[in-house]
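First comes one chain, alone, set out as structure tokens in the form predicted alone.
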């Protein structure tokens, strides 16, 4: 294991390379790649890597990139791609298809604002529009977590009890282009952690078609199977945490990450790099004697409802922060989390940092101060940050 000063884009490429080489004794590695700011550095580095079996293929669009990933995965190989923003929107048809085919593809998504007007900075709306596509979603808060989550994600996605694709998401520029010291594992360690992929429903020489017509009852059965796999993720996730820690010496975060919640009457829920800033603000408010804590959403799909209910059980008031907006409704995280608070708890949704605005500790402190004054739920608000 070595420590290198790298960006999260390069951390993702290195993790994908290690995972791809780990499958060299099986059916190899591949995927379609197409550049879009701010993930381009990832696929540029990945395209330079050599693999004993397979490799990535530059294509003409994001739609084709996911199509190549599906072909690679249907052939039984380990598959990877990366995208962002309007690139995700363009590949959406094939994102849904990959989910419904139950293909354990891993996509590194750099969260970027959807346009027009064009904006290259962070907003979670691009991956959140795909939250119902049958993929698992992990949101990272630093470069090390990006690298670890890609290795972890392959092990989770390829588990025979799961067999679902997964997005590992990181914030544009806040992580993608920011250099941090990151532990890079040895190939031998990754080989021990990632067994050869043996996809049970891969194509064989006698296969003639994929994706035939389903009648209504067949679709019901397939959706029930898909939901059953999602329901089983939490147990498999915990098992893989133990194995990851044994091999690499550090433990991946739980699906939600509480902070100073043991005696908290008030809580702030967030995800991505916003959670780092929230913890700074929580410490500042604690110094003022305010019993506030924080909960970071690491895995949004499948939604960790049981864990969130337990984390918020003692709270009187909860602020939910979104770096996205579901137009005509409010923030997605607010929408999905407000039902997990205890009876009588005041819940306030706040959308901030939309389009990449710089979220600072004082902005979070202002949200907490506003929450303390509230006696009942309010409509979600957009907080401007400068």
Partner chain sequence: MQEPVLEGCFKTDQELTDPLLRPGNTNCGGCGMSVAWNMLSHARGKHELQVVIPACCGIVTAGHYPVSSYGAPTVASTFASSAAVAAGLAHVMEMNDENKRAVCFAGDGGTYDIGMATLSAAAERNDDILYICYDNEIYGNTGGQRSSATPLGATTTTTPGGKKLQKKDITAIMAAHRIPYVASVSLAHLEDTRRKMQYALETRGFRFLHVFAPCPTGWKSEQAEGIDLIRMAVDSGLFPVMEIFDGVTTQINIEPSMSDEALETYFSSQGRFKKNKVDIATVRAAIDANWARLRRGVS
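Numbering follows the first chain given and starts at 1. Everything numeric here is computed off the predicted structure, so don't read it as measured data.
The following text describes the form predicted together with the partner chain, which does not appear among the structures shown.
Screening 273, 182, 94, 113 for any heavy atom within 4.5 Å of the partner chain in the predicted bound form leaves a single hit, 94. Residue-level contacts in the predicted bound form: of 316, 254, 214, 196, one residue has a heavy atom within 4.5 Å of the partner chain, and it is 214. Although the partner is absent here, residue 263 lies well away from the partner chain in the predicted bound form, with no heavy atom inside 4.5 Å.
When the partner chain is considered in the predicted bound form, residue 302 lies well away from it, no heavy atom lying within 4.5 Å. Heavy atoms of residue 72 reach within 4.5 Å of the partner chain in the predicted bound form, making it an interface residue. For residue 203, a non-hydrogen atom is located within 4.5 Å of the partner chain in the predicted bound form, even though that partner is not displayed.
Stretch 24-32 is the contacting one of 37-45, 24-32, 326-334, 348-356, since its residues have non-hydrogen atoms within 4.5 Å of the partner chain in the predicted bound form. Three-residue candidate spot 63, 67 and 77; every residue lies within 4.5 angstroms of the partner chain in the predicted bound form by at least one non-hydrogen atom.
Although the partner chain is not shown here, in the predicted bound form the stretch 36-57 places heavy atoms of 53, 54, 55, 57 within 4.5 Å of it, in sequence order.
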